[in-house]
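Below you'll find only one chain, the form predicted alone, shown as structure tokens.
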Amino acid sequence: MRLSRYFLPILREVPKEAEIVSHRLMLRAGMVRQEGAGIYAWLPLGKRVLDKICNVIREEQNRSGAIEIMMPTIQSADLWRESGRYDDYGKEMLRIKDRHERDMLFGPTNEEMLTEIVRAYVKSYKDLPLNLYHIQWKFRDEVRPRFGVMRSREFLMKDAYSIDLDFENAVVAYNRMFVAYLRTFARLGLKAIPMVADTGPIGGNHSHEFIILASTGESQVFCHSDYLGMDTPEEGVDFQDPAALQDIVNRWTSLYAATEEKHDEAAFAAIPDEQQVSARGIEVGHIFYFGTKYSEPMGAKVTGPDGVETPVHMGSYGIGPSRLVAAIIEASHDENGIIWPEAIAPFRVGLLNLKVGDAATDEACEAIYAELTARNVDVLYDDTAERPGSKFATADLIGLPWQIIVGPKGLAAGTVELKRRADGTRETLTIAAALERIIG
């Protein structure tokens, strides 16, 4: 993409309304624009990041055996009355009426609708196990939306729902998602630590929040330092092997890790001082087994091997892609701007022409741009007439992993400069060597 033809509304001033780093940088980098309290338009740069995050999530959900669907955003209030949640949910739910005066709502979540789909089609234990997921925009009327897309009213959510015959099989489904989440966050460049979360009236241990450590995190968290060095499950992990999955879950839950709400001072104090981690954290995912909470009142039953009908056991598994954009920035930035992990960077390479109009510089940049494009490398070519300092500032602000800097002086010596955004290192290389470094 040529920057001269792209829509990238950079802000040079720090927006006054932005309270945290990610909100400031997303506004300055032209990723989003606020259109209302907690409601944002996603501009081209932000949309590219959002799409890449969704692609990673989708790949790992599919790998685990989950199947993608798409449920509507507008739901009938009658479904929520069946589950008993319509009156209990509170003011966060946006309640509306259609032209026929029927009670409807803008879905804040999809347990009821998924349960309705299951009861309509899933009748036998032979139809199980099943895990259905979708990636959908949702709305919750937060009383105080803040921190940009970190806590907004309209947000993008990946919801997965497992359906199983009994508790034992539901635990296997839970473990699949546990492992899939570890892989997902690692691919997004995050070290996410699973921490035991509140299970409410259901009880048990099958509820985990996945937390990343960040100085601007929303809450205090506590864990063993060994979590920071644990290896993520490999791509070849067998999601059909319950024992292997349980081993991974056991390893990742064997050490102390808790949010402030679940913190046990005595258990934490038992960890050697040098291995205690007390930090701020951001929740990036939540998995939760809820058993028959919805299937029982809504009549989602299957016939078991013994011929007896029984309510299915279910779990829900959430990741907020729009929230993740902000969380990744909180965990990966410096004083100059965003530092994107390569897997989700809006463009992998920024190509900077330092003297547009100079024949040799233009020719070299066009050749590099053509080669990268032909190799399917996402590249943003800064072919504008801006001064070099402005181009450097923009490239650092939007956080592209690599910058190829082309100027007349370097070209005269047959070289360009290659900058790695993550650590700021610069190398003077031939064009061929620079391309080899990026393309491999």
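Start at 1 and count along the sequence shown; that's the residue number. Being a predicted model, the structure only gives us computed values, none of them experimental.
Below, we turn to the form predicted in complex with a small molecule, even though it does not appear here.
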{"property": "Site check Tyr125, Ala173 and Thr303: each within 4.5 Å of the small molecule in the predicted complex by heavy atom", "result": "no"}
{"property": "Interface residue in the predicted complex among Leu190, Met150, Val221, Cys365, criterion: non-hydrogen atom within 4.5 angstroms of the small molecule", "result": "Met150"}
{"property": "Position in contact with the small molecule when the complex is considered in the predicted complex, options Asp103, Glu296, Glu142, Asp241, heavy atoms within 4.5 Å", "result": "Glu142"}
{"property": "In the predicted complex, segment of 281-289, 74-82, 303-311, 230-238 with a heavy atom within 4.5 Å of the small molecule", "result": "281-289"}
{"property": "Partner proximity in the predicted complex: Tyr317 to the small molecule, non-hydrogen atom cutoff 4.5 Å", "result": "yes"}
{"property": "Contact flag, Asp159 vs the small molecule in the predicted complex, heavy atom cut 4.5 Å", "result": "yes"}
{"property": "is_contact(Thr109, the small molecule) in the predicted complex, heavy atom dist at most 4.5 Å", "result": "yes"}
{"property": "Contact flag, Phe155 vs the small molecule in the predicted complex, heavy atom cut 4.5 Å", "result": "yes"}
